Every structure is written in structure tokens, then in C-alpha cells.
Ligand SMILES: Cc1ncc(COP(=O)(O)O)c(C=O)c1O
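Quick setup: one chain, the form predicted on its own, written in C-alpha cells, and binding and motion questions come after.
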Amino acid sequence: MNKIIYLDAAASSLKPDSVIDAESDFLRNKYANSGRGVCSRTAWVDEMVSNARAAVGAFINAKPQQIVFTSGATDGLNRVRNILKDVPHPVVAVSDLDHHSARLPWMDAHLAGVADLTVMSLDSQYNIDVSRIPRADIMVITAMSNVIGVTQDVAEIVRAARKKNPNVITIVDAAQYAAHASVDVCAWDCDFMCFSGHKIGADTGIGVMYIKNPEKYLPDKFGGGMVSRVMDDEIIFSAPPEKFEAGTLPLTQIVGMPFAIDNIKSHPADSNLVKYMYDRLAKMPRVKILTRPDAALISFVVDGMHVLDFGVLAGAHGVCLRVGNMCATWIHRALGVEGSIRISPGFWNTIDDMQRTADIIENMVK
């Protein structure tokens, strides 16, 4: 298993030792629930959650009270739709860059007859065309496609959207972006932003939902820890972010978040790895590359070979990569393919990994 070349960071990052050690220590020596008692362990856990929230806030340039812990980007993006359920029949702008989790909640609302969808235009480079931004009540912005791997100018898109409608509510899916570029929600001026911990090296089951004005919205979940007082005819909610965090938090995963953030800051993605693979693949006649040399990942297809067959063969040679439609149906339609092959290196990969992988692919596609 350790001989596998893991090149699927865009699906989920491997975990640095610091994350594994912190979570193991918590489970073995410090575990307790948060907000449920007055013993020393509980006090430590409460402080840990507070410190982790502050670390996430610093990571995205937000205040701690704007940081809501979720189970991941999918959970957060679905919850945003539920939080905004009282917006009367909104026009929702989406794009073909969207992952299913960003667009399907609003497609469901459209099919239910409670929202209208409009699709933002892409330019020739498959970026959201800022010059053709539609008027919308709600706008979903994918900050980086998990197929194209190029950062979008979120701040400019938000500004263009507000020119059309000053009251537009903007939602940013930063699941891919957060692993490759600095997130600054203040510069973006977005209303909501979601990302997953597991893509930046934290554990599965932890994500972040940023809310610019959390006091403005009602919670979408109910349970313990999110109310300060309950009476027969009134519910008084806790202050944000607690009012959005009903029940027990994913504490073990929260422990690892600050360590994942520290690791990704100290081990930024090496663009030379993707560039090397791009140059090697570009010399293979049967390979059609779908991404740019400066993208954070590389997507491609092979003439005469189904992507699933390619994935099986690559796996048999010890290369772990991603094949299929990446839960991104619309961008594949725009590209004119049913699916693609994706190589996405992480902080653990080396140029030797890329050389060995390129050699294997070269032999596979001869």
C-alpha cells in the first residue's frame, strides 16, 4: 500500500503527522464533550474549540463568530440553501464550473418551483465571464473548478453581481480553492463561503461555513447548545456561531484543523509538479489535455480509451488518481467529454512521483 503514488489530492488530501498525532492524543488523553460540564477536560475542550475557530478565522480573514463548523463543504452548501429558504422565489445564478454540491441544492429548489435558475456564461478559457454577469437574487460562485483547476476572481465577480443587484446574496464554494490559494472573505465581500477540512489535510467530517452577517439569519438546525433559553411560546437562540451548531461538534476533527492549516501554509502546492506532468503528457499523441499548464491540477482524456479503463490500469501500476465526471457534470458537457482523468498532487508528492507516473502513462497509451 505504501508503494502507491497518491495523486488524488483534489478528492482528499493525505494527512500530515501533526494532524494524526493531535487527534490521537485528544482521543487517548483529553477527550470530553464541549459545553457539557465544568471539569478540567471540558474546559480544555471548550478552549480547544475556541482556539480552532480563531485559527480558521485567521486562515480566511474572518471573525470567530462568523465561523460555523459543519461536516464538510457539501453539508455547508446545503445548509446555506436551508438558511435562505425564506427568500421569496429567488433567481439563483450558477455556473458550469459548479460541483454537484454547489448547484444541486438550488436545482432542487428550481424543480420544486420555489426558485429560478440562470447559468452564468463562461469565457473561452472556461472562467466566469465577469462582463456578462446576470442579475440574480442569489449567486453561487465556484472559486476553483475541480476539473479546470484555475482560481476565479471572486472579488470581481461579487462586485459585478452587486452592480446588477446591490442586495444579491453571494455563496462561494471554496472547497478546491482553499487548498491552493489564500482565502480572504473580506476582500471577496461574499455573504457565505464553504470549504472542507479534508481537502486541506484535516480529517473527514469537518468543514467550515462562513457567514458574513450571522446575526441576520435564523438557524436551520435545532438541538442542544444552540439556545440560551426555551419557554413555552418562545425560543431565545444563542449568539453566533453557536446558534448554528446544534448538537455535539465533530471535536476530534476540530482538534486537527489548526495543524492542517499550519501544514498547508508551510507546505504550499508545488506548481512545478503539475507543469512537469503537463509537459510530459503534451508529448503523447493520444492524450488530449483539458487544463492549462498553470492550473492547480491536470485533467485529460486518452483517445480510444475509456477513462474508467485508464483508471483501472493506472491503479494496477500503483498510481492512485481520479477518473469520471468528478461530480461536475456541467463542465464536462462544456468540454465536450463525458468524463476525464485527473492528476492532482499534494504536499507529499515529489518530482520522482511525477516522473514515474509519466513513464507509466506513456507505456499505457503507446
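Residue positions are given as counts along the sequence shown, with the first one as 1. What you are looking at is a predicted structure, and each value in this text was computed from that prediction instead of being measured.
Below, we refer to the form predicted in complex with the ligand, which is not included among the displayed structures.
Using a 4.5 Å heavy atom cut-off, which stretch among 66-74, 333-341, 303-311, 40-48 contacts the ligand in the predicted bound form?
Flagged stretch: 66-74.
With the ligand left out of view, choose which of Asn146, Thr170, Ser95, Thr291 has a non-hydrogen atom within 4.5 angstroms of it in the predicted bound form.
Checked against the cut-off, the match is Asn146.
Which residue, Met193, Met139, Ala175, Ala260, has a heavy atom that falls within 4.5 Å of the ligand in the predicted bound form?
So the residue touching the ligand in the predicted bound form, by this definition, is Ala175.
Against the ligand in the predicted bound form, would Thr252 count as a contact residue? Criterion: heavy atoms within 4.5 Å.
Outside the cut-off, so no.
Given that the partner is absent here, does His180 sit within 4.5 Å of the ligand in the predicted bound form, heavy atoms only?
So His180 does not count as contacting the ligand.
Within 4.5 Å, heavy atoms only: does Ser101 come near the ligand in the predicted bound form?
Result yes; Ser101 sits at the interface with the ligand in the predicted bound form.
Considering only heavy atoms, tell me if Arg79 and the ligand come within 4.5 Å of each other in the predicted bound form.
Flag for Arg79 set to no.
What residues in 196-217 sit within 4.5 Å of the ligand in the predicted bound form, counting heavy atoms only?
Stretch hits, in order: Ser196, His198, Lys199.
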